[in-house]
Ligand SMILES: C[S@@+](CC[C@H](N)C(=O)[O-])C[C@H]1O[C@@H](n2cnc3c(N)ncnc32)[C@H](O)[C@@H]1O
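As structure tokens, one chain now follows by itself in the form predicted on its own.
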Amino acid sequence: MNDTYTHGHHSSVLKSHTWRTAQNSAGYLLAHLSPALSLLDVGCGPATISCDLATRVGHVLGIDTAEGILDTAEATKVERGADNVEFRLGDVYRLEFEDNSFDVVHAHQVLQHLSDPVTALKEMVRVAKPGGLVAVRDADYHAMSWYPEPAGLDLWMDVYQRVARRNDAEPDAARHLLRWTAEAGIERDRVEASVGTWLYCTEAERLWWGALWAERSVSSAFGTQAREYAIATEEDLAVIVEGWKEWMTDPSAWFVVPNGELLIRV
């Protein structure tokens, strides 16, 4: 597969991705981890989650399709002193591991960007050991909610949905997770589903979240693709930026991101 990553790795995107920790992004998995386990982190990105998970298991291998982001991952590893972590290029559709290789296979915000999430799930299950776990977590864009509701944020949602779907991706992935597991041949009684949320409402959170999305909307791969696909004009993107600025300066601002979570027992 040659999927197109809607977000890219612009600095404005990494501001969001490096904020993620095992606690705020993989809490549903933590109780199942122990020092004896090996873990494959699919789509590890800048590896803040990978390195956090490494404090709870024996060994973590993080893979990503983008060579450049693995340099950032290595820097995170050095900064954290995470000696039990390693990184390499990898393709979730063709994992270069034997069957039954890892105790835990983890993917955070990965399936939503894939044109074939079912094949990806099959591969993750294949490399997990019998008795192990596959853990996936993905957002649902249409289920996000916010206040206040400037027109620019409605336009942002419309543009984002259209860009992601133009990339043959599924921005509302959370609601499709159970369907995808069924299509992958995974029995329903082997799957534990839950929902976790991110909430941005304190002054620091809303200023941070609003500013990074205002920048992402014009400077990241998302903004570039919106222009290239003729989905949004410069004027449209300017409206989106102003919408984020209006939202973030309201002291009552609220933004909720719902995330679907699955624990699949192998």
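In case it trips you up, residue 1 is the first one in the sequence shown, and so on. What you are looking at is a predicted structure, and each value in this text was computed from that prediction instead of being measured.
If you look for the form predicted together with this ligand, you will not find it shown, but the lines that follow are about it.
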Please check if Asp91 has a heavy atom lying within 4.5 Å of any heavy atom of this ligand in the model of the complex.
-> yes
Does at least one non-hydrogen atom of Ala169 fall within 4.5 angstroms of this ligand in the model of the complex?
-> no
Would you check, heavy atoms only and a 4.5 Å threshold, whether His113 touches this ligand in the model of the complex?
-> yes
Are any of the heavy atoms in Ala66 no more than 4.5 Å from a heavy atom of this ligand in the model of the complex?
-> yes
Contact stretch among 57 to 65, 237 to 245, 221 to 229, 29 to 37 - heavy atom within 4.5 Å of this ligand in the model of the complex = 57 to 65
Give, in sequence order, every residue of 5 to 31 that has a heavy atom within 4.5 Å of this ligand in the model of the complex, or say none if there are no such residues.
-> Tyr5, His7, His9, His17, Arg20
